[in-house]
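So here's one chain in two forms, each on its own in structure tokens, numbered structure 1 and structure 2.
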Structure 1
């Protein structure tokens, strides 16, 4: 459960104080008063209660890195890590859209087809017909948003299950993609195209990566401080400045180590910058806006959300619209990596990998629980496995089996976590 969800639950569950009754102290205040041991005990309590968060996936990433580095000796090199940071951008952006859909407790099976169709639209407009590259990109993303809106209308307004709607879209939009491409099997990307730059451009100046790391750290500390100050002003439990600075130090460590590693190869990839921008914007939307809280509410209990005055149909429709736009944007990255748009772009195991990334990263398949950064963590796991097995010259079928096993483990952990929380009275 994310910090936002915990805050919503704790604040919403607060009961009015009866005359002469003394309110029980907030457990989080007691934890902070006890210092380090309080945090340790709170951590143990959360684990026993099934609140695993991102712990399993972080441990998994560490194990993956250790195993593949021991087997290959080149997995942790700056070159390989830089390549991973580029390869995760396209599927990761698509996974952000899937995270939003999963938060509703629904599924979208059409994202691969939408990605392929949008790439085809861009290629035909920009390369074949000479439309301005930026205009073509915007039209391709708009087409993806339009497709998502169509799915949302059938699901939210007509009442057709999302599984059926998007399954039909998976088949139908694949046909439209082939029709748009016409007789062209593949349309290659020109060297001066923005789509090529999405995956091929690097900020070679070392100051770029370090500046981004500094901005991420400063932004995290500032936003966390403002959030906790507002909670304190509202007389709610708030993290002390010391805790904010410790967390900021961890963010700084990760950010600057990543920047240093990238600078050892070609510098900061534009693909990673765009992916992080999508993550930050989506995270802000989900955790800091009313609309984001409505997504969690609808995913947790749609009927309760409707009775609370939330326009459930609007939330569902707009989420599918956003997912379609992100699928289209991710499809352009895939076209850039492949050197062009093709009739087969978006097919294969792309759909399963994107859904697996969201689930492996910690977003629940049952709705109402998860966080945007699941897209980053889950995509990192899948791409790390793929990269490591490629370095070991393993066949594709081995990659599929291992990825499937990891996905199953993630779903099992999610199910066990929910059962444990129900037993502990936390859901």
Structure 2
């Protein structure tokens, strides 16, 4: 578990071949050549091999933006883009939880109800019972975590399929939500509540957005560079400095353009900052901690994970707890956006949209494959479509059809581009 551990063999034992001799690299491996040509060649190979990662989604996003801008002329206005960046926060935070659950190879159908329940709890506590705003928010999120834990216990300890547990939760918690709301159909947000700020506070000083963009860029470049240097020191294949810089440039471009756009409207929205914070934290957890590794392992092959000594039940349980807490957090954003908690908050297509976002973003439904940023990409796709259709004043039934169709097209692109890979996959 630590630096000082010893492997039985590699420490002191012999390599049975001639001393110090290393195996020649496999001659069949088509290694990437260095330099610019290497990139082009590698990219071409990946297109042919269907290993495009998130490129299809990004292209899809660009197409969506172009089409809607052509149709409405207002899609690419800073105002609309800024609005989109606020709208995605709630569903996006919930989608982060769903990505974690999907990585486990499970599904959580209850998040809509949990979001609604938590918003109801917050509203009743802070408005009806006059509990302090921050305390109510924390209690609401804790309630979401508790609900998630209940699901986790039934799934991980009792052994009921997660699909069924959360299906029961989907029904049961929305009943509790209605019951918690009691007589009130809707409870308005108090004027000075944090929940209102979640979706309605903007850092209007333009330096805020630029500072954040600078921090993100610098952080990315620095961490990559440190990592690649260590790899080079350990004599492992490492990315050259130019590549790091190119990637850093891309990150800088995206973040500064975003910052500039946001500053054109009302500044950097708090919603976006919180969403990014959740994304970065979750991404760190998934990729750089033992716990994250365990999530992937359990999702890939639970029995193998168990045999590796991983406490499978604990991993499963905690992931559902996190998903519940994130659903609750996201629910508060929805309450903020809709103007208050209501009996119907979290019902309707929210659940399906959140799951769709995670899947469109590139997280597999079958466990063990995916990344946190799919929550961002997928929510962006779905919200862009919705916003675009709203700007076009499409009637609701057409909206349904178009959302369905675009969802399908997005995933068809993805499936087709991954096809070669899939065929090559083993049993």
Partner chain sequence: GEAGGGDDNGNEGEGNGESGGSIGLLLPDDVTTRYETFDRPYIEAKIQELCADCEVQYSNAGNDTNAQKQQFDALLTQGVDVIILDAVDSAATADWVADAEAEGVPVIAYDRLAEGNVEAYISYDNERVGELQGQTLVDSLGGVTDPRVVMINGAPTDPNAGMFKSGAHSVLDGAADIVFEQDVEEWDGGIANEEMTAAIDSLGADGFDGVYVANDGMAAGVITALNSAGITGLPVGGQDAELAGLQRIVSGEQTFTIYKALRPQAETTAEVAVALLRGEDFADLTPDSVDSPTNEGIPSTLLDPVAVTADNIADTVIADEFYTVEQICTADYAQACQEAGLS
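By rigid core we mean the largest C-alpha set that fits within 1.5 Å across both forms. What you see is a predicted model, and the numbers here were worked out from it, not measured in a lab. Positions refer to the first chain, counted from 1.
- Taken from the form predicted on its own, structure 1 is distinct in origin from structure 2.
- With the core held fixed between structures 1 and 2, residue 202 has its Cα displaced by under 2 Å.
- After superposition on the rigid core, the Cα atom of residue 225 is displaced by 2 Å or more between structures 1 and 2.
- Core-superposed comparison between structures 1 and 2: the CA of residue 64 stays below a 2 Å shift.
- Core-aligned Cα shift between structures 1 and 2 at residue 402: this is 2.6 Å.
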